[in-house]
Every structure is written in C-alpha cells, then in structure tokens.
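The data below hold one chain only, encoded as structure tokens and taken in the form predicted on its own.
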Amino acid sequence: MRNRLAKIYTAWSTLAMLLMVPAAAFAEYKLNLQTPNTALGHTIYDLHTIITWICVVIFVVVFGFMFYSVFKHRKSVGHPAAHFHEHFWVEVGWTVIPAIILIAMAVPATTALKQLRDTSEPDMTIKATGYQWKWGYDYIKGEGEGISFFSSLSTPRAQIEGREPKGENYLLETDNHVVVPVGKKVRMLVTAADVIHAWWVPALTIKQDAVPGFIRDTWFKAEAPGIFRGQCAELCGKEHGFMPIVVEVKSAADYSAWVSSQKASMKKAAVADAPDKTWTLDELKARGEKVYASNCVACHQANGMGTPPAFPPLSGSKNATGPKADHLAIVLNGKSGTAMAPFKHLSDADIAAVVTYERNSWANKTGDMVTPAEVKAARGGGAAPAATAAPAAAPVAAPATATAALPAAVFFDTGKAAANDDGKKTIAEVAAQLKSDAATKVELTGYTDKAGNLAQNLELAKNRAVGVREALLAAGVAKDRIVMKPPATVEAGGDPKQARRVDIKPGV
C-alpha cells in the first residue's frame, strides 16, 4: 500500500513539474502576431482578429448544431429517422449566408491588399539585395542617397557552436542596421544576387521575396522609433538561419545625424581605399582577417580547415598556395557545381585583402599579396598591373606563364557578336601567352542578363564565346586547349557591360 502511494505521489509530482516548466519557459511568448508599428499593420492585425472570430462563431454554430442534432435525435432514445431529400430554403440559406460572409470579409481584405501594394510617392527608397548569406543595402532616394553597406549576422560563433551562453538577440542581431526616419514612407526594392531570399520584418508589416534577376517592391511607414527584427524567410541554403534583418527607426533629427556620420565614414573609407594607395602585406592581412570573419568563416572555419567534403580546407590547399590568378578567379566568380558562391559584391580592396590573408595564414606562407588594382583588372576594369610581391618576403620571380594574363574578359558592344578592337587586342594577348605555355587550357563563358528575351540573350552569349574560340584557334591555339562552358547570366543591378562579356579563365 505504501509503495503504491509513493508511486502515485511521484507521478503527480512529475506531472505538476512538467506543467509548471512550460509556463515559466514561455512566460514571455504570445500566441498572436507581433504588435505592429505601422498603420497598415494595425489594419491587417484588426482584420486578422475579426476574421478569426468570424471563423470561431461559424465553427461553434455549425458544430454546435451538428452535435445537438446527433445528440437529440439519436436512435437510443427512440427517435425515428427522418426521410427527406431536399429543402428549398435550407439550400438557399446555406448558399447565400456563406456568400454574404465571404463578401463581407473580402471587401476590407482587398482594400488592405491594395494599400499593401501601393508603393507610389515614397519619401525614400532603399534597395535590399540578398546574398548567401547576408544583405546588401543601397539608399537610392531621399536624404541618405548614396549610402551603401552590407549587413551580416553579428552573433558570435561561440554562441552558435554552444561554447558560450546564448545572447538576448541570438541570431537576430547584425553588424549594420537599416536606419530609417519615423513617419516616412520607405519604398523597398528587393532582389537577390544568387538564390531566392525573402526580406521579412513582421512588426513593419513587410515581406517580399528576393528573386535573382528581378526587382520587386514593397513599402512601410513606421509610427514610432525603435528596433525591429526580422529574418530571411526563404530557404536559401546552409546559412539560411543566419541572415537576420534589423531595422532601426529614428527620429528625424537622429536620422539626419546618422546620415551625416555614414557619409563621413564612406568618404574616409574612399580615401583609405584610393586606387593609387600603396598597400603592405601586413595591412592587407589585417583587413583580410576581418573580411574573412564576416564572409568565409562559416564555411571554411576560423582555422581554415573547412568542413569537408562540402567546404574543403584552405590551409595547405592548392588553390590558396597556387597561382594568384586562379585563387582570385574563384573568390570573384565562385565555382560551378559546388557551394562556393561568387563574391563580386565585395569591394576591390576587400577581395584583395581576403585573398592575401588566405594565402598567408595557417599553413599557407606564400609571401605574396594581391592588390586592389589586380582585382579591378580581373573584373575587366583595367589592365593587369605587374605582379606584386610582399616587400618583406621578396620572393624570387617566377617565369611568365599563361596564367599571368588570366583570367581575362572580352567585352562586346551592345547586340554585337563580333569583338571590337579592344576585344581583339585582349584575345591576341591571351593567345600569345597560351602559345608560350603549351600546358595551360582555358575555359570560355559568355554572359548575359535577363533583360528582354532570355533565349535570344543566351544565344548571343553563346555566339560571342564561339567567336572568341574561333579567334584563338586562328591565332594558333590548339582546339583541345579550349573548353566551352554554358552561357551564364549576371546578377541584377550591376554594371551593364558585365552582361556583354566572355570570360577567359584558366581551365583544368
């Protein structure tokens, strides 16, 4: 008897504890939408509440009537079964009444939807571009016009990996906030550079898919200052859960002060990254470490060992210790068929810094460095400078090879498949280098964008690549050394001439 009572007591104690724990754990949570900070958000919130209660009333009436009928007319009390096939007024009632209810709900819902899509007459416009895995922002209209920055997750890796306690805004904090003034209509242009993302901030009543090659728009007008958090709401890859959105709404005066500070910082950065600046190896490594931490560490790890096989190690890798041009080409353009995404959206200085850092960290001790001028040339923005070695290391110069001229890009005139004079010059330089190094192969990729007829654009890109191949063959390059790659499309919002090029890259 005593054992039975002890078991009953234990069972009830355990149940009580299980019931108490959720109450304490979820004390700060609400079973509802986030409290909106826009007038349209309040409209949608109220509409949601009203329709929810309409559904509750319909549920209670329909199921109440059904259960009442079943209970009162059950066979066990001797109620005889009714025999009827139809009833005119019943048929009319259950057709007309639901129709009236649906119309009554549709009218305010349609009104709210029209308001949601009305992006006319904005006070300011911000373009949000989704990347794997961060957001880029460009202020293109309003007081902050010209401001651009990237916004990345700032939650420490130690918290993500469980080595430190989780912070208050775990996975919901960024290094740079989107800052807007209170009471102003903000139009958001949303697109993506790689895969589909979605820009979603619930409290501001805004959610818009970001689709590569397309620009969608939406808007919000915050009613009160504050910080409002959101996330990418489209499954976009390995780090999908690590690209939050933080919008900081400020008063008009505070916003003006923020704009002034941002423009001052951008001006200072422009001076620091001037094209004619002379960089040292240590300066590039120090900057590259920060760029690596913001862009590369999630996949390749802080120790450079990666997470094979999806993300190979950089420490001791052939790519990070081989020719600089090959290393730079992969960082700029990514690698097809793998999870390595292109990082063309970074500045020339940032790419130069991170490549230099990777080539001189961990087990990699190349002693060389990549300059912003070399990055600019690799993008097709100018002639490649002479190879730059780190002053402290003073490595012995290697003999010239084909890779010294690669990667290269041939730019075409709009709508033309034949190379212009500059393009012919580039092809001749590449051909000369290839003939001096019989071991190197090249890959040709024609590019286009999604403006106009995509099929025609891709055919034009293919014909341009074929033209480059024929020119190389005519210059004496063997056919088996030229690999044709499928045409590719460039991301929206970039330099239009990038969609009129054929890339010539070292092949395998």
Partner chain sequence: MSTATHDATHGHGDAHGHDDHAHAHKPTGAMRWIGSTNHKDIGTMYLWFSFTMFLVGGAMAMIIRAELFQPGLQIVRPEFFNSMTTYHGLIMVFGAIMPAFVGFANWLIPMQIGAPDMAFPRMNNLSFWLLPPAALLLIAAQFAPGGGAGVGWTMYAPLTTQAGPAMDLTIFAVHILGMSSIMGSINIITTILNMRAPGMTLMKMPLFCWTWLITAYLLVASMPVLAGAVTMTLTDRHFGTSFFNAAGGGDPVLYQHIFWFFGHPEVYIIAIPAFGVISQVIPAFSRKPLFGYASMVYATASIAILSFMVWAHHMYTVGMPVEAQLFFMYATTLIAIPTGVKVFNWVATMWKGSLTFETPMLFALGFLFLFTLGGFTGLVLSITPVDVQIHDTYYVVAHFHYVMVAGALFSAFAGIYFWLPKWTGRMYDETLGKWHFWLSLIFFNVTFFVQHFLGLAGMPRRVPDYALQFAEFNAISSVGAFGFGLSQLLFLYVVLKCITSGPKAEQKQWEGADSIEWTHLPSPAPYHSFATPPVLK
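From a predicted model like this one, the values you see are computed outputs, not experimental measurements. Residue numbers count along the first chain shown, from 1. If you superpose the two forms and keep the largest set of C-alpha atoms that fall within 1.5 Å, you have the rigid core.
Keep in mind that the form predicted together with the partner chain is not shown, yet the notes after this line are about it.
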| item | value |
| --- | --- |
| Contact residue in the model of the complex, chosen from T371, T191, T205, N295 - any heavy atom within 4.5 Å of the partner chain | T205 |
| Sole residue of G146, G241, G322, G316 within 4.5 Å of the partner chain in the model of the complex, by heavy atom | G241 |
| In the model of the complex, K277 touching the partner chain (heavy atom, 4.5 Å) | no |
| 4.5 angstroms heavy atom contact with the partner chain in the model of the complex for Q132 | yes |
| Any non-hydrogen atom of T52 within 4.5 angstroms of the partner chain in the model of the complex | yes |
| Non-hydrogen atom contact P80 with the partner chain in the model of the complex at 4.5 angstroms | yes |
| Stretch in contact in the model of the complex with the partner chain, which is absent here, among 226-234, 409-417, 363-371, 245-253 (heavy atoms within 4.5 Å) | 226-234 |
| Contacts with the partner chain in the model of the complex, stretch 187-224 (heavy atom within 4.5 Å) | D194, V195, I196, W200, P202, T205, I206, K207, Q208, D209, V211, P212, G213, F214, R216 |
| C-alpha of Y170 moved at least 2 Å between this form and the one not shown on rigid core | no |
| Threshold 2 Å Cα movement between this form and the one not shown for H73, core superposed | yes |
| Core-superposed comparison between this form and the one not shown, V60 Cα displacement 2 Å or beyond | yes |
| In the model of the complex, whether the C-alpha atoms of D138 and K450 sit closer or farther than here (change of 3 Å or more) | closer |
